[in-house]
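Before any questions on how it binds or moves, here is one chain, the form predicted alone, in structure tokens.
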Amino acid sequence: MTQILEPDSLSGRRALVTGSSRGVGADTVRYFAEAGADVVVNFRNKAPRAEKLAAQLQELGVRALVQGADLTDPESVAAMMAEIKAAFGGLDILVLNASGGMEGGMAEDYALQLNRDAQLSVLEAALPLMGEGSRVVFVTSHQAHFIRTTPTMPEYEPVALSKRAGEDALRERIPELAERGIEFVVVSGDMIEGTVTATLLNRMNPGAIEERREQAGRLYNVAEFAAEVARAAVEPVPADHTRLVGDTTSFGA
């Protein structure tokens, strides 16, 4: 992977990326570690994969803490934060990357539980660990960010609505975060090549990825989008707290 952030630019900083055992989260946490940050690799149920990634990151000379947690369970989240406090003493970067809702066999309101309620729960639990100069990054998709004005494919609509609800609920916390000296930014990206969500959508709606690629001109891959998420954690926050990645013309932006 290409070095995205300046070497040692995050030395001494501590970062938690939720859902970071694979995909965008894994690449984001790797970019942070390459820049010298101590990192938390969070997973839901794939411990070996998370431990393998952490071992690779430790070879970079940083601390990499592996933490499994069910983000929809406040007790599980609280236990994770207690471990982070014990190991690192606090947090400087919180990337709310984990999301879902297309998994089979889950409760009818699972998407809302994970994409709205759990995001607020993780933020609430992390706030005591975060001080002035820290930053919260929420990762979403154009299909969710623009869902109020631009319809998305029916298969994804419940997830899109739940992610937009999560974004709205987090944005309501901006004044409180600002009072604490904590910055907040949303990173919204187009459909990402190689993600679980894109694969599932293409399985349910064959040709969806190809159609979106033609509309947009090109789609970002996992590593490219993760680079934008990593940059969002360090670069100046836009006035509207929103960083749009990829084509937005189809969404009226």
Ligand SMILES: NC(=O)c1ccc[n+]([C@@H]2O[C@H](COP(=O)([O-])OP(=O)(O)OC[C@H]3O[C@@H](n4cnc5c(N)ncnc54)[C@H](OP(=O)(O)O)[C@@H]3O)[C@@H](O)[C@H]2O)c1
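So that there is no doubt, residue numbering starts at 1 and follows the sequence shown. A quick note: this is a predicted structure, and the numbers were derived from the prediction, not measured.
Unshown form predicted in complex with the ligand; subsequent notes refer to it.
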Quiz prompt | residue 225 within 4.5 Å of the ligand in the predicted bound form, heavy atoms | solution = yes
Quiz item: Even though the ligand is not shown here, does residue 31 get within 4.5 Å of it in the predicted bound form, heavy atoms only?
Solution: no
Quiz item: Do residue 70 and the ligand come within 4.5 Å of each other in the predicted bound form, heavy atoms counted?
Solution: yes
Exercise. Report yes if any heavy atom of residue 136 sits within 4.5 Å of a heavy atom of the ligand in the predicted bound form; otherwise report no.
Key: no
Quiz item: Given that the ligand is left out here, which of 98, 182, 84, 94 has a heavy atom within 4.5 Å of it in the predicted bound form?
Solution: 98
Quiz item: What is the one choice in 35, 186, 64, 191 with a heavy atom within 4.5 Å of the ligand in the predicted bound form?
Solution: 191
Self-check item: Region of this chain that lies against the ligand in the predicted bound form, out of 139 to 147, 85 to 93, 126 to 134, 170 to 178 [heavy atom, 4.5 Å]
Solution: 139 to 147
Self-check item: Heavy atom of each of 152, 215 and 244 within 4.5 Å of the ligand in the predicted bound form
Solution: no
